[in-house]
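We begin with a single chain expressed as structure tokens, specifically the form predicted alone.
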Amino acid sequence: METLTPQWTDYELLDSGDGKKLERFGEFILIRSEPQAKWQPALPALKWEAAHGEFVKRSRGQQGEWKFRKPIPKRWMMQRKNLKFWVLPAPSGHVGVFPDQACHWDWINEGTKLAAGPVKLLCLFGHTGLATLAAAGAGAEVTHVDASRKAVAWARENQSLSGLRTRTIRWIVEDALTFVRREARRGNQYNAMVLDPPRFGRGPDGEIWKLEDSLPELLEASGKILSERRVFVLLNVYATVLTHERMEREAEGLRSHLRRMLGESGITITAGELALEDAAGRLISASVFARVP
């Protein structure tokens, strides 16, 4: 199993501990909860107290809130390589970017550039569009699907910010499984896919997504619209398990799912986890993945 950690200048996991992480997003430093960080912080308390804001979680079932100690803009721009995007502290505690995913952006961009012919990519659960833009920036024709109208609008703003307005991207607000089944009926095919499903979610028309129940069905349907001239497939799932052994089992589970989808028993599939490393060298696991070129 591989463990991938990204490197970039605009983001930094400064420290972690006491169930929290201290992160720098561009010029601004934020504190968010992190159940994996059961150790003591490496930095002194004064460094943590100097953060611009903190997301404070409420009791179970209640949404948390941001508490800011210093003035901070509603949103600000960040950059990694050719991608520029807006960061905005949301009521969920997220900020519109998952920094660990930068490893995948690089892989998608490189896979698109190395492809022998045109790349037609389907990006499911595309969120704010950074995987989509990594592919489009390398020349892929992308269909981006997400159930959140707000997330798709945010992704389109990131497209403009990155200077990629002339690239071919089809933006779709829809339930992923509903879209894939319709594409199959129409006979449409893709030679690359990125799937980044949540553990739980709802479609725009109230469709229920539960990973354990829904993922096999989605992968089976997606396999029917995957071209024989496959370029790459990536399956990524946010991690909620906290032990290395469980992470390994989940990564192997995704490898098995992907093998069944592709119907090729002898195929080599890379599986592993994405992690962030703080300044003291401690790893925070973020997601598990399986992918194949």
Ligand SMILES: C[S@@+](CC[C@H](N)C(=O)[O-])C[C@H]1O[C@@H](n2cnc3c(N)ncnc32)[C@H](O)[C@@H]1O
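Quick caveat, the model's predicted, so the values are computed rather than measured. Sequential numbering from 1, following the sequence displayed.
Here the subject shifts to the form predicted together with this ligand, a form of this protein not shown in this document.
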property	result
Glu183 within 4.5 Å of this ligand in the predicted complex, heavy atoms	no
Contact test in the predicted complex: Ser148 vs this ligand, heavy atoms, 4.5 Å	yes
4.5 Å heavy atom contact, Arg202 to this ligand in the predicted complex	yes
Distance check, Lys120 to this ligand in the predicted complex, heavy atom within 4.5 Å	no
Non-hydrogen atom within 4.5 Å of this ligand in the predicted complex for each of Glu23, Phe55 and Asn158	no
Sole residue of Trp107, Trp209, Trp154, Tyr190 within 4.5 Å of this ligand in the predicted complex, by heavy atom	Trp209
Of Trp48, Tyr238, Trp39, Phe68, the one that lies within 4.5 Å of this ligand in the predicted complex (heavy atoms)	Tyr238
Partner-proximal stretch of 135 to 143, 112 to 120, 71 to 79, 96 to 104 relative to this ligand in the predicted complex, 4.5 angstroms, heavy atom	96 to 104
Within 4.5 Å of this ligand in the predicted complex: residues from 163 to 181 (heavy atom criterion)	Glu174, Asp175, Ala176
